Ligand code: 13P
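Here we start with a single chain on its own, the form predicted on its own, put down as structure tokens.
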Amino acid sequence: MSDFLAERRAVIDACLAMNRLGINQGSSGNLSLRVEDGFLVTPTSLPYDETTPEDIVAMGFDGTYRGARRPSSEWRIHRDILRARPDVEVVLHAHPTFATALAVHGRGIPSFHYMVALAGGDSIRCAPYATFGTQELSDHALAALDGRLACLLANHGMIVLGRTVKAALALAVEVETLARQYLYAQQLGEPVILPPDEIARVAERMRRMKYGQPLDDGDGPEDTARPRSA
């Protein structure tokens, strides 16, 4: 088997978690992880519970790959995002129910809730539709992700980016939660939308507090209550 055994297992574990967390179903969706000189990506048309480390495909940014399996049909999205975004290590693509319900109407998620700021801006955009697996779809996704960590794909699903597998999974769950809340809120009429300057304040406060991010050992939020002296 080729190298990056631990990373290959991490990709499989993340895909199984996607299904367990309800943000994906069966073998739909895909995930990639940056490695030296390229990235690892899930294979096409293979159920995650049958996937082994040997099945994970190693690809270069030139589109070449090695291994017995063919890469996901959406490998262009993974390649183009990882090549364009040095701040990103993981690309997660899934078809969660509520986010997809918005996407089939070509609708993104506005800042009806302050947690939208976790995705990197004052909205979660919806990229225009294009046939799956095409360069056109990848181009649309890359544009929708400009300055963002998540987007929806019209008539398709969602994409989420992260520095770690854990962070990408957490954000995917948050985006799906926001999509569900937004759809429910619309049953009472259009919800109040927070203005961009408030989302900017929220984002800065989240940054200072490392809000929504796993803390390193011994690390803690900067903006927090301090214990009293003994």
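Owing to the predicted nature of the structure, the values given are computational and were not obtained by experimental measurement. Numbering starts at 1 and runs along the sequence shown.
From this point on, the text means the form predicted together with the named molecule, which you will not see here.
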Select, from the options 164-172, 27-35, 52-60, 182-190, the stretch whose residues sit within 4.5 angstroms of the named molecule in the predicted bound form by heavy atom distance.
27-35
Name the single residue among 148, 95, 76, 107 that comes within 4.5 Å of the named molecule in the predicted bound form, judging by heavy atoms.
95
Are any of the heavy atoms in residue 125 no more than 4.5 Å from a heavy atom of the named molecule in the predicted bound form?
no
Heavy atom of residue 111 within 4.5 Å of the named molecule in the predicted bound form:
no
I'd like to know if residue 156 sits close to the named molecule in the predicted bound form, meaning any non-hydrogen atom pair within 4.5 angstroms.
yes
Close approach of residue 44 to the named molecule in the predicted bound form, 4.5 Å, heavy atom
yes
Residues in 108-136 with any heavy atom within 4.5 Å of the named molecule in the predicted bound form
132
